[in-house]
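We begin with a single chain expressed as C-alpha cells, specifically the form predicted on its own.
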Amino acid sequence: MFGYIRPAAPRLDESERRRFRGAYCGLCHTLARRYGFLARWLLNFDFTLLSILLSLGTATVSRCRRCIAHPCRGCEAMDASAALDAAADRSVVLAWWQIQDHIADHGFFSGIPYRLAALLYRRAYRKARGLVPDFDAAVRRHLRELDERERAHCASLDAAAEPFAALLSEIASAEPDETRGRIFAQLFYHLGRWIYLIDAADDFQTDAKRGCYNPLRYRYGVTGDTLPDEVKVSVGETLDASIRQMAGAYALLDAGEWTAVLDSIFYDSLYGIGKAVLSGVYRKQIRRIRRTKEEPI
C-alpha cells in the first residue's frame, strides 16, 4: 500500500491520538508475531485504518508493550485480535505484489533493492497466501487487469483506477457481518480509487521523467512534467468525489469509540492530503514530520 491515510491530528485530543497510535502499534506487533521481525517494515497507515474498521463493534484493549522504536518507555498497543490478524495478513499479500510491481517497473540495477525485498519476504508471503488464498487470487486477477489497462495507455481515469478500486473492495470479505461487509465494499472501493489517483498525482513528475504510464498524462494530454493548474482543479474534484462516496458509506456505520478518529479521516484529512499532493507540499510535510520525530499522526 501507499501510506497516505492518517487522521487530522489537530482535530483529536490526546486520548484519541493515543488510541490511534495503539492501533498502529498493535498492527506492528501483530505483523511481527505472525510473520517475523522484518514484517514490521510493512507497517503503514492504510492498513491501520483497515484494522480499526474491522474492529468496530468489538471492545478494544490496549496495554504497554516493548517497542523497538521506544525501547525504554515502550508503547501502548492494541492487544491481539481477529481484526489485527486480518489486516496483517492482507498487508503482507499486498506488500508482496507491490514489490513485484516495482521489480517489473525497474531495470536490473535499479530493481536490485526490490529483488532483495522479495527474497526477504517470500516466506511471509507464502504463509499469508495460505491464510487468505481467495484474497491473494483476487489481488492477482485485479493487478493483471490493471497491467493490461496501463499497457494500453488507458485515458479514462475511472477505467484506469477501477482494477485497484475493485482490488481494495475485496478486503470487505474479512468482515463477518454481512451488512457491514457491503458497507465496507463500497467504502474500500472508493478508497482504492482515491489512492490510485492520488498516487498518480504524487508521482506525476517522476513518471514523466522515467517515461512511465500515468493516467493523468493521457486523460489530460499533458506533455511536460508538471500538471497545469486547471488540471489540478479537475483532479481535485474527482478525488473529492471519491471522498464523499467514502464518507457516505462511513456514515452508515456505528464507529463507537473510534468516531473521532474516523471522522477526522473521512471528513477532514483526506481532503487536506489531496490538496497537499496537488499543491506539491505533501512530501515536504512528511519529511518535516520525520525530522521532528513526531508520533504516527
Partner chain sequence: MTDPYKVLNIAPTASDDEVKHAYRELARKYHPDNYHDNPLADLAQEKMKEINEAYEQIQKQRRAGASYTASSAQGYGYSGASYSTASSSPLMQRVRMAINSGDITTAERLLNEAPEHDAEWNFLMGVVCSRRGWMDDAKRCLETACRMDPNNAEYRQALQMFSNSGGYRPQGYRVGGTMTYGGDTCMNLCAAWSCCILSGGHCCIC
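Residue numbers count along the first chain shown, from 1. Predicted, not measured: the structure shown is a model, and the values here were computed from it.
FYI, the form predicted in complex with the partner chain isn't displayed, but the following is about it.
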All of I5, R19 and L131 with a heavy atom within 4.5 Å of the partner chain in the predicted bound form: no
Contact flag, Q186 vs the partner chain in the predicted bound form, heavy atom cut 4.5 Å: yes
Partner proximity in the predicted bound form: C64 to the partner chain, non-hydrogen atom cutoff 4.5 Å: no
I243: touches the partner chain in the predicted bound form, heavy atom cutoff 4.5 angstroms: yes
The partner chain contact in the predicted bound form: G236, any heavy atom under 4.5 Å: yes
Option touching the partner chain, based on a heavy atom within 4.5 Å in the predicted bound form, out of R141, H106, R115, R182: R182
Among the candidates Y220, Y125, W97, Y213, the residue which, in the predicted bound form, approaches the partner chain to within 4.5 Å (heavy atoms): Y220
Candidate stretches 50-58, 22-30, 257-265, 35-43 - the one whose heavy atoms come within 4.5 Å of the partner chain in the predicted bound form: 257-265
Stretch 83-98 - residues with a heavy atom within 4.5 Å of the partner chain in the predicted bound form: none
